[in-house]
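There is one chain below, alone, in structure tokens, taken in the form predicted alone.
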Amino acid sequence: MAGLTDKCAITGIGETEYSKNSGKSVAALQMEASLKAIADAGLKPTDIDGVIPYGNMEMVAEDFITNLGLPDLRYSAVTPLGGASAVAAIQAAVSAVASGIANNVLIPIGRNGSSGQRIGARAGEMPQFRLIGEFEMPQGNIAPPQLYAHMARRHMELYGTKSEQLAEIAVSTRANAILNDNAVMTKPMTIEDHQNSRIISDPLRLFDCCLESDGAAAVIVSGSDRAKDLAQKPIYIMGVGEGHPDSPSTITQRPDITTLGTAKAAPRAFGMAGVSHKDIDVAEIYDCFTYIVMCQLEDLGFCKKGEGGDFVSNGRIARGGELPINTHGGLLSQSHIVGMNHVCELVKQLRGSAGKAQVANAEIGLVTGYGDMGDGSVAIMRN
């Protein structure tokens, strides 16, 4: 894996407007974001010879061939890991490009989760959810907040984690969204606002939960040799990793429900990149729920298991803190684009084009994905 370090780069990014009601189909949203990413890289649609669609939102490779006019698509794949899919797709794209199978791989994700299909409806179509009918639903665990509430409560019981500490994540993320012109939630939030929000599934409150939203985002992965001649400053992919938790299809049957697949993915990504945690200037952490952010920070190795509550407190994860995270507002406040908006934001940060939310002197960054029953994916990049 170390031989793949810096062999590929993100060369283009594209995002639609994020909203509660786009009035557009999933196909239209994804094509819009894809064309923006292609143009951002200084490429033409005919330059795209690889595509990795998001397998849970209706779109397949043939749709992109037809709609974008791709004459010679030679590589396609699907990474059906739910919210871990976007970053896992980067690993797949790196493998394809570095091996010479493809030159420019398009990775698009889009959804109309607010105006169209909602997150809860995914349970019926996603293969990794097929066992929840046997192990989770009899206990009332159907929607994601119910599935993850047990994990959060277990962490609280074992380590003394407090709801107010989870609130720190929601509040700092909202503060970043306020600086973003393309964010759904821009009303200021305080710890008290979080604590006064209604319980969704104990101990998770309304502001612990991500948004339902419409939009799409896309990136282009190209070989580093070609990237130097394209329109944008290349953002090199230093390390990637994917990991699955023990008992990956159920949560309640897992020996340790406070450990995610991220714990397996992180050492692979850091080992490949050849950097340490102190080298990370900014991190975009998949935030379907505040608890999952804290748990990933532990599993990534930024702190020990059980110390996440203290780690996220006292401004450490805020912009200007020791480890700024989710500088765009994340799934909690910007938009739920299954983590591809996190990838786009990291690229902006490393390009130095993140606007008001720009982290000073950001040179190396990290982005994660988290999928459904606990899958984890990690990518480390540099400018």
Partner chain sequence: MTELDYDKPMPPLNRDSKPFWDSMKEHNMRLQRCVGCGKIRHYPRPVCDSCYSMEYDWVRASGKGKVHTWTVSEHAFHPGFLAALPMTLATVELEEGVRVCAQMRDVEPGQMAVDMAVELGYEDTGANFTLPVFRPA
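Quick caveat: nothing in here was measured; it's all calculated off a predicted structure. Positions refer to the first chain, counted from 1.
Below: the form predicted in complex with the partner chain, not depicted.
- Only one of the listed residues (Arg154, Lys162, Lys228, Arg74) places a non-hydrogen atom within 4.5 angstroms of the partner chain in the model of the complex, and that residue is Arg154.
- The contact residue chosen from His244, Lys305, Lys233, Arg254 relative to the partner chain in the model of the complex is Arg254, the criterion being a non-hydrogen atom within 4.5 angstroms.
- Contact annotation: Lys187 falls outside 4.5 Å of the partner chain in the model of the complex, judged by heavy atom distances.
- Mapping the unseen interface onto this chain, Gly140 counts among the residues with a heavy atom inside 4.5 Å of the partner chain in the model of the complex.
- Although the partner is absent here, Pro145 is a contact residue: one of its heavy atoms lies within 4.5 angstroms of the partner chain in the model of the complex.
- Using a 4.5 angstroms limit between non-hydrogen atoms, Ser224 is distant from the partner chain in the model of the complex.
- Note that among 268-276, 84-92, 290-298, 196-204, the stretch whose heavy atoms approach the partner chain to within 4.5 Å in the model of the complex is 196-204.
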